[in-house]
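Two forms of the same protein chain are encoded below as structure tokens; each is given separately, as structure 1 and structure 2.
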Structure 1
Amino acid sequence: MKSPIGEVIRGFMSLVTGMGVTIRQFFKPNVTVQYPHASLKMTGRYRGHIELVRDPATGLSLCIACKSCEKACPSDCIAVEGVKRDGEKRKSATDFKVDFTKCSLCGSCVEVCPTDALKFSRNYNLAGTSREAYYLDLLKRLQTENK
């Protein structure tokens, strides 16, 4: 059965089959997308860096400065400060900073938030020349978006 000549011929035919596979792929359309000219659709649950959710009624943040996210964060990258203003039932955030250089995008902060004040942004093409570019001030971001 296993004659050497038969084996050589079978081996040669397996190479021809392989070449047949690649030449069929040769005439099929591209599967890649040339990035700066076109980009893929992002999925709804994309996890970017975190962002504050705006309260549709007041236009301000929903954050009550409870610091749950600060405690939940495994990498210590969130710093929240808040005060209780006169005439308000609960505290509101005065300072909400994220050190994105440390963030591992785990989403623990979003999950623990009791008022759902945090969400993932859809910002993926971040680039900067210094570390400081990634010390994000989320309250400021919220305000600039307001305008």
Structure 2
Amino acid sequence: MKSPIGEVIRGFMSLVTGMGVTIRQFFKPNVTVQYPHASLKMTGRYRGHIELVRDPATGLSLCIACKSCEKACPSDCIAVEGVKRDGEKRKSATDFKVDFTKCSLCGSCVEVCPTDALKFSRNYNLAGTSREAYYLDLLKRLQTENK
């Protein structure tokens, strides 16, 4: 049988130990960033969603619609369509869509692209209120960018 005084002493010691932990944590520096008023600096190796690279000469996408990115994607989240237009040597993409809800950011599509038409974006604040906000049309984004 435990004595009531021993129980009170053990309870008090437990309280003192807990308060000691709390006081030590109170005086440590803050590690929380108050987002959106402040944000962390992104590392150089950060991978955002993929985006198309613009050809500096023509201003259009470097994508030749070879579909190698679509075949290499383990998540099956890329859909590419393209046509060969009159006067062009290669096909050009007419539709490049990514379902970012499925994308695992593995980088297979970026690595396999023969024309280096894909790169990882630096955009980390991709937020939306619906699933449709994560269905990205990369050709439209490239066309509206810098206009």
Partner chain sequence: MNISEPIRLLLFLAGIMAFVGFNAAYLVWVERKGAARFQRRPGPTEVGFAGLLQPIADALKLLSKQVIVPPTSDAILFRLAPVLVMSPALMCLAVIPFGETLVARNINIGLVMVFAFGSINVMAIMLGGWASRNKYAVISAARVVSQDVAYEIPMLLVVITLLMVTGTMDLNQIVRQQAGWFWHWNLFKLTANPLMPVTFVIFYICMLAETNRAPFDMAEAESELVAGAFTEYAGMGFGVFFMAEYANIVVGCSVATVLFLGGWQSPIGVWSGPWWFLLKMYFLVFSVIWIRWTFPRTQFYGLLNLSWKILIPVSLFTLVLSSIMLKLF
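Take the two forms, find the largest set of C-alpha atoms that superpose within 1.5 Å, and that set is the rigid core. Each residue is numbered by where it sits in the sequence of structure 1, with counting from 1. Note that the structure is predicted; figures quoted are calculated from it, not measured.
Both panels show the same chain in isolation, but it is structure 2 that comes from the form predicted alone. Once you line up the core between structures 1 and 2, the Cα of P29 ends up 2 Å or more from where it was.
Remark: with the core as the superposition reference, the CA shift of T129 between structures 1 and 2 stays below 2 Å.
Relative to the superposed rigid core, T17 shifts its CA by 14.9 Å between structures 1 and 2.
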